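Heads up, the chain below is alone and in the form predicted on its own; it's given as C-alpha coordinates.
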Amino acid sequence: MSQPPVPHISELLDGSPKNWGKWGPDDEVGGLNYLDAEQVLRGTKEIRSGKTFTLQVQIGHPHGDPAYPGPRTPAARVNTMDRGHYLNGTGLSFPGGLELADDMITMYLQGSSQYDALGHLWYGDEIYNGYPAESTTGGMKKASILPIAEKGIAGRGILLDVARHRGKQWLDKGETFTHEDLMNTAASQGCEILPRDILLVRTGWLEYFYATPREEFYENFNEPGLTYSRELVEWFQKMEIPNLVTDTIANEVTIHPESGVALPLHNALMRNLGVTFAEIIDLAALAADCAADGQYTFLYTAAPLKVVNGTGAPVNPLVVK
(Lines give C-alpha, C1' and ligand atoms only; values in the text may rest on other atoms or scores of the structure.)
Protein backbone atom coordinates (compact mmCIF):
# COMPACT_ATOMS: atom_id res chain seq x y z
CA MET A 1 0.00 0.00 0.00
CA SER A 2 1.43 3.40 -0.94
CA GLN A 3 2.08 5.93 1.79
CA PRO A 4 0.08 9.19 1.77
CA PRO A 5 2.07 12.19 0.55
CA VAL A 6 3.92 14.22 3.18
CA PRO A 7 2.13 17.56 3.57
CA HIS A 8 3.96 20.85 3.41
CA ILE A 9 4.81 22.02 6.90
CA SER A 10 2.59 25.07 6.41
CA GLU A 11 -0.38 22.69 6.14
CA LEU A 12 0.56 20.83 9.31
CA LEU A 13 1.02 24.07 11.24
CA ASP A 14 -1.92 25.94 9.72
CA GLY A 15 -3.43 28.05 12.49
CA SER A 16 -0.59 27.28 14.92
CA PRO A 17 -0.22 30.08 17.51
CA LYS A 18 2.42 32.76 17.05
CA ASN A 19 4.09 35.30 19.32
CA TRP A 20 5.17 37.56 16.47
CA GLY A 21 4.99 41.19 17.53
CA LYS A 22 4.45 40.32 21.20
CA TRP A 23 7.71 42.03 22.15
CA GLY A 24 7.63 44.56 19.34
CA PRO A 25 8.51 44.51 15.64
CA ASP A 26 12.26 44.57 16.29
CA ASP A 27 12.45 41.67 18.73
CA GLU A 28 15.08 38.99 18.06
CA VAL A 29 15.18 36.96 21.31
CA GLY A 30 11.57 35.77 21.62
CA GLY A 31 10.73 33.86 24.76
CA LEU A 32 13.95 34.89 26.45
CA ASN A 33 12.09 38.14 27.16
CA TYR A 34 10.29 36.13 29.82
CA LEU A 35 13.58 35.77 31.71
CA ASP A 36 13.58 39.13 33.44
CA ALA A 37 15.32 39.96 36.73
CA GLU A 38 12.49 38.38 38.72
CA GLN A 39 12.99 35.08 36.93
CA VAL A 40 16.75 35.15 37.49
CA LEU A 41 16.19 35.69 41.21
CA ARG A 42 13.62 32.89 41.20
CA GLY A 43 16.33 30.65 39.80
CA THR A 44 18.81 31.61 42.51
CA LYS A 45 16.31 30.53 45.17
CA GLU A 46 16.76 26.94 43.95
CA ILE A 47 20.43 26.93 45.01
CA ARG A 48 20.80 24.76 48.10
CA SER A 49 24.17 23.03 48.10
CA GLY A 50 26.31 25.09 45.71
CA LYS A 51 27.03 22.07 43.49
CA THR A 52 27.86 23.04 39.91
CA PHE A 53 27.52 21.15 36.63
CA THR A 54 28.81 22.13 33.20
CA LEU A 55 26.74 20.68 30.40
CA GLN A 56 28.82 20.99 27.23
CA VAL A 57 29.98 17.84 25.47
CA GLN A 58 33.69 17.56 24.79
CA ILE A 59 34.77 19.02 21.45
CA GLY A 60 37.16 16.58 19.80
CA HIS A 61 36.07 13.54 21.82
CA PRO A 62 37.86 10.37 20.57
CA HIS A 63 34.48 8.87 19.62
CA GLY A 64 33.74 11.91 17.48
CA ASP A 65 31.40 14.85 17.89
CA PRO A 66 27.62 14.33 17.66
CA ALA A 67 26.28 16.33 14.74
CA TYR A 68 23.20 16.25 12.56
CA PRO A 69 23.79 13.87 9.64
CA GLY A 70 24.51 15.46 6.30
CA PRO A 71 26.97 18.26 5.65
CA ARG A 72 28.02 18.78 9.28
CA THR A 73 31.30 17.11 10.12
CA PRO A 74 33.09 16.74 13.48
CA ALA A 75 35.38 19.49 14.67
CA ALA A 76 39.01 19.42 13.53
CA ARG A 77 41.63 20.77 15.96
CA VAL A 78 45.28 21.15 14.94
CA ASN A 79 48.36 22.54 16.64
CA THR A 80 49.87 25.55 14.93
CA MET A 81 52.76 25.79 17.37
CA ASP A 82 54.21 23.36 19.92
CA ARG A 83 57.49 21.94 21.27
CA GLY A 84 58.10 20.19 17.97
CA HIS A 85 58.39 23.53 16.18
CA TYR A 86 61.13 24.62 18.58
CA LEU A 87 62.99 21.34 18.17
CA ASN A 88 63.08 21.77 14.39
CA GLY A 89 63.93 25.48 14.59
CA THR A 90 60.61 26.93 13.38
CA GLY A 91 59.19 27.96 16.75
CA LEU A 92 58.14 31.56 17.35
CA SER A 93 60.87 33.32 19.32
CA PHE A 94 60.44 35.82 22.14
CA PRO A 95 62.96 37.90 24.09
CA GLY A 96 64.02 35.89 27.12
CA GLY A 97 63.39 32.44 25.61
CA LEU A 98 59.62 32.06 26.09
CA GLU A 99 58.13 29.08 24.18
CA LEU A 100 54.46 28.35 23.59
CA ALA A 101 51.85 26.00 22.18
CA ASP A 102 48.99 27.28 20.02
CA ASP A 103 46.21 25.68 18.04
CA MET A 104 43.11 26.33 15.95
CA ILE A 105 39.79 24.62 15.41
CA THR A 106 37.48 24.30 12.44
CA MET A 107 33.93 23.33 13.25
CA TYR A 108 30.27 23.87 12.49
CA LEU A 109 28.80 26.37 14.93
CA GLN A 110 26.03 23.83 15.56
CA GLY A 111 28.34 20.82 15.65
CA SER A 112 28.64 20.64 19.44
CA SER A 113 26.58 21.73 22.46
CA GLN A 114 24.93 24.83 21.03
CA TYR A 115 22.07 27.31 20.88
CA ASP A 116 20.03 27.90 17.74
CA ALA A 117 19.33 31.39 16.51
CA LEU A 118 15.60 32.04 16.23
CA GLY A 119 15.99 32.62 12.50
CA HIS A 120 17.92 29.39 11.96
CA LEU A 121 14.96 27.53 10.46
CA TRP A 122 11.73 28.56 8.74
CA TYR A 123 9.07 27.75 6.18
CA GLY A 124 7.53 30.01 3.58
CA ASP A 125 9.22 33.36 3.16
CA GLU A 126 9.49 34.48 6.80
CA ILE A 127 11.64 33.63 9.78
CA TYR A 128 10.86 34.44 13.44
CA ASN A 129 8.85 37.61 14.05
CA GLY A 130 8.03 37.98 10.38
CA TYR A 131 11.48 38.98 9.20
CA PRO A 132 12.02 38.08 5.52
CA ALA A 133 13.81 34.81 4.86
CA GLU A 134 16.08 36.72 2.48
CA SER A 135 17.64 38.35 5.55
CA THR A 136 19.53 35.07 6.11
CA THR A 137 21.43 35.39 2.81
CA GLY A 138 25.18 35.64 3.33
CA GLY A 139 24.77 35.84 7.11
CA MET A 140 21.77 36.40 9.37
CA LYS A 141 20.91 40.07 9.53
CA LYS A 142 17.89 39.42 11.77
CA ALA A 143 17.16 36.90 14.54
CA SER A 144 20.77 35.66 14.57
CA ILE A 145 22.48 34.13 17.57
CA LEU A 146 24.09 37.44 18.52
CA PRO A 147 21.08 39.03 20.29
CA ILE A 148 20.61 35.82 22.29
CA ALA A 149 24.30 35.76 23.18
CA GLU A 150 24.24 39.43 24.16
CA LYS A 151 21.29 38.84 26.48
CA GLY A 152 22.42 35.55 28.02
CA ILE A 153 20.11 33.00 29.63
CA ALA A 154 19.45 32.62 33.34
CA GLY A 155 16.45 31.36 35.28
CA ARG A 156 14.84 28.46 37.07
CA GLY A 157 15.72 25.23 35.34
CA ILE A 158 13.98 21.92 35.80
CA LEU A 159 15.35 18.54 34.72
CA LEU A 160 12.78 16.17 33.24
CA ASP A 161 14.43 12.77 33.11
CA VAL A 162 12.12 11.00 30.67
CA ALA A 163 14.51 8.09 30.15
CA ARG A 164 14.75 7.31 33.87
CA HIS A 165 10.99 7.84 34.28
CA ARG A 166 10.43 5.14 31.64
CA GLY A 167 12.98 2.83 33.24
CA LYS A 168 15.42 3.04 30.35
CA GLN A 169 19.09 3.81 29.95
CA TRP A 170 18.13 5.72 26.80
CA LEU A 171 15.04 6.04 24.67
CA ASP A 172 14.66 4.12 21.41
CA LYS A 173 15.04 5.59 17.95
CA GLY A 174 11.88 7.46 17.06
CA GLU A 175 10.39 7.13 20.56
CA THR A 176 8.08 10.02 21.29
CA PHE A 177 6.64 11.83 24.26
CA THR A 178 4.30 14.77 24.82
CA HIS A 179 3.98 17.75 27.14
CA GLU A 180 1.72 15.57 29.29
CA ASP A 181 4.58 13.08 29.59
CA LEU A 182 6.80 15.94 30.73
CA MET A 183 4.31 16.86 33.44
CA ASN A 184 3.99 13.24 34.52
CA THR A 185 7.77 12.93 34.65
CA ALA A 186 7.99 16.00 36.87
CA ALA A 187 5.30 14.62 39.17
CA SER A 188 7.16 11.31 39.49
CA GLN A 189 10.25 13.29 40.52
CA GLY A 190 8.31 15.18 43.20
CA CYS A 191 8.41 18.54 41.42
CA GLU A 192 6.26 20.65 39.12
CA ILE A 193 6.81 22.54 35.89
CA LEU A 194 6.03 26.19 36.55
CA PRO A 195 5.45 29.05 34.10
CA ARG A 196 8.67 30.44 32.60
CA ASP A 197 10.74 27.42 33.64
CA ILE A 198 13.68 26.44 31.45
CA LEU A 199 13.04 22.82 30.49
CA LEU A 200 15.97 20.36 30.43
CA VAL A 201 14.79 17.07 28.94
CA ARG A 202 16.94 13.94 29.21
CA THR A 203 16.42 11.08 26.75
CA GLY A 204 19.81 9.40 27.29
CA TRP A 205 20.51 9.89 23.59
CA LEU A 206 24.00 11.33 24.04
CA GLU A 207 24.90 8.38 26.24
CA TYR A 208 23.69 6.12 23.43
CA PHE A 209 25.87 8.05 20.97
CA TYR A 210 29.06 7.52 22.98
CA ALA A 211 28.26 3.85 23.67
CA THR A 212 27.43 2.94 20.08
CA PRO A 213 29.40 2.64 16.84
CA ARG A 214 28.75 5.73 14.74
CA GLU A 215 27.38 3.65 11.87
CA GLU A 216 24.73 2.15 14.15
CA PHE A 217 23.87 5.51 15.71
CA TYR A 218 23.27 7.19 12.36
CA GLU A 219 21.60 4.23 10.62
CA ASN A 220 17.94 5.07 9.87
CA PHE A 221 18.47 8.28 11.82
CA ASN A 222 15.37 9.18 13.80
CA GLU A 223 15.98 10.66 17.23
CA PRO A 224 13.56 10.28 20.12
CA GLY A 225 11.88 13.39 21.41
CA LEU A 226 8.84 15.57 21.78
CA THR A 227 6.30 15.14 19.02
CA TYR A 228 4.19 17.89 17.48
CA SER A 229 0.59 18.46 18.40
CA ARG A 230 -1.48 21.64 18.54
CA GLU A 231 -2.07 20.99 22.24
CA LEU A 232 1.68 20.82 22.93
CA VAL A 233 2.32 24.12 21.15
CA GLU A 234 -0.53 25.79 23.01
CA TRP A 235 0.86 24.45 26.30
CA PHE A 236 4.29 25.94 25.56
CA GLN A 237 2.64 29.27 24.78
CA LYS A 238 0.41 29.22 27.87
CA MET A 239 3.33 28.23 30.14
CA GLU A 240 5.54 30.94 28.57
CA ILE A 241 8.42 28.48 28.23
CA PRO A 242 11.52 30.48 27.22
CA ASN A 243 14.03 27.73 26.47
CA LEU A 244 13.96 24.03 25.57
CA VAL A 245 17.21 22.17 26.35
CA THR A 246 17.78 18.52 25.44
CA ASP A 247 20.48 15.87 25.07
CA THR A 248 19.51 15.21 21.44
CA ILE A 249 20.84 16.77 18.25
CA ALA A 250 17.54 18.36 17.23
CA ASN A 251 15.34 18.56 20.35
CA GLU A 252 12.39 16.65 18.86
CA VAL A 253 11.60 13.36 17.18
CA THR A 254 13.23 13.71 13.77
CA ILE A 255 10.19 12.66 11.73
CA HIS A 256 6.70 13.46 12.95
CA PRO A 257 5.15 9.97 13.03
CA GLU A 258 1.67 10.97 11.89
CA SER A 259 2.47 13.32 9.00
CA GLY A 260 6.03 12.38 8.00
CA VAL A 261 7.09 16.03 8.26
CA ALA A 262 10.66 16.59 9.47
CA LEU A 263 11.24 18.69 12.59
CA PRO A 264 7.90 20.51 12.80
CA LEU A 265 8.50 21.71 16.37
CA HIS A 266 11.48 23.74 15.22
CA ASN A 267 8.98 25.83 13.32
CA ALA A 268 6.00 25.60 15.67
CA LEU A 269 8.03 26.52 18.76
CA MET A 270 11.14 28.36 17.55
CA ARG A 271 9.90 30.19 14.45
CA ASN A 272 6.34 30.83 15.60
CA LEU A 273 6.58 31.21 19.40
CA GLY A 274 10.21 32.30 19.81
CA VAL A 275 11.17 29.38 22.09
CA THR A 276 14.97 29.19 22.14
CA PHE A 277 16.46 25.74 21.49
CA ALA A 278 19.64 24.37 23.07
CA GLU A 279 20.82 21.05 21.64
CA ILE A 280 23.45 18.35 22.27
CA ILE A 281 23.50 19.21 25.98
CA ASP A 282 25.14 16.65 28.29
CA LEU A 283 22.66 15.90 31.07
CA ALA A 284 24.05 12.58 32.31
CA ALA A 285 25.97 13.75 35.40
CA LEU A 286 23.30 16.25 36.35
CA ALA A 287 20.60 13.58 36.04
CA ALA A 288 22.52 11.12 38.19
CA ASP A 289 22.95 13.75 40.89
CA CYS A 290 19.28 14.76 40.76
CA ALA A 291 18.26 11.12 41.16
CA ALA A 292 20.61 10.79 44.13
CA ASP A 293 19.54 13.90 46.06
CA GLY A 294 15.98 14.31 44.78
CA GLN A 295 16.50 17.91 43.70
CA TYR A 296 15.45 18.46 40.08
CA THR A 297 15.26 22.26 40.07
CA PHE A 298 18.20 24.67 40.03
CA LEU A 299 19.67 27.85 38.62
CA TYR A 300 20.35 27.37 34.91
CA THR A 301 22.66 29.75 33.08
CA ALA A 302 24.04 29.80 29.55
CA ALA A 303 26.01 32.23 27.40
CA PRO A 304 26.43 31.24 23.74
CA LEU A 305 29.42 32.69 21.89
CA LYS A 306 28.80 36.12 20.38
CA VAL A 307 28.99 35.23 16.70
CA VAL A 308 27.95 38.09 14.42
CA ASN A 309 25.34 36.97 11.84
CA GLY A 310 25.58 33.39 13.18
CA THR A 311 22.85 30.76 12.83
CA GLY A 312 23.90 29.30 16.17
CA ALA A 313 26.83 29.15 18.56
CA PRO A 314 28.62 26.71 20.88
CA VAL A 315 27.79 26.95 24.57
CA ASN A 316 28.83 25.45 27.90
CA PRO A 317 25.76 25.86 30.17
CA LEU A 318 26.32 26.05 33.93
CA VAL A 319 23.84 24.65 36.46
CA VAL A 320 24.05 25.50 40.15
CA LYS A 321 22.07 23.40 42.65
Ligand code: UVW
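Residues carry their position along the shown sequence, with the first being 1. What you are looking at is a predicted structure, and each value in this text was computed from that prediction instead of being measured.
Below: the form predicted in complex with the ligand, not depicted.
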property	result
Sole residue of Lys168, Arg230, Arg72, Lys151 within 4.5 Å of the ligand in the predicted bound form, by heavy atom	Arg72
Residue (of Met107, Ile249, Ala186, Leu146) lying close to the ligand in the predicted bound form, criterion heavy atoms within 4.5 Å	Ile249
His120: touches the ligand in the predicted bound form, heavy atom cutoff 4.5 angstroms	yes
In the predicted bound form, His266 touching the ligand (heavy atom, 4.5 Å)	yes
4.5 angstroms heavy atom contact with the ligand in the predicted bound form for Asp161	no
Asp116: touches the ligand in the predicted bound form, heavy atom cutoff 4.5 angstroms	yes
Segment assignment from 287-295, 55-63, 34-42, 249-257: heavy atom within 4.5 Å of the ligand in the predicted bound form	249-257
Residues of 267-302 having any heavy atom within 4.5 Å of the ligand in the predicted bound form, listed in sequence order	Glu279
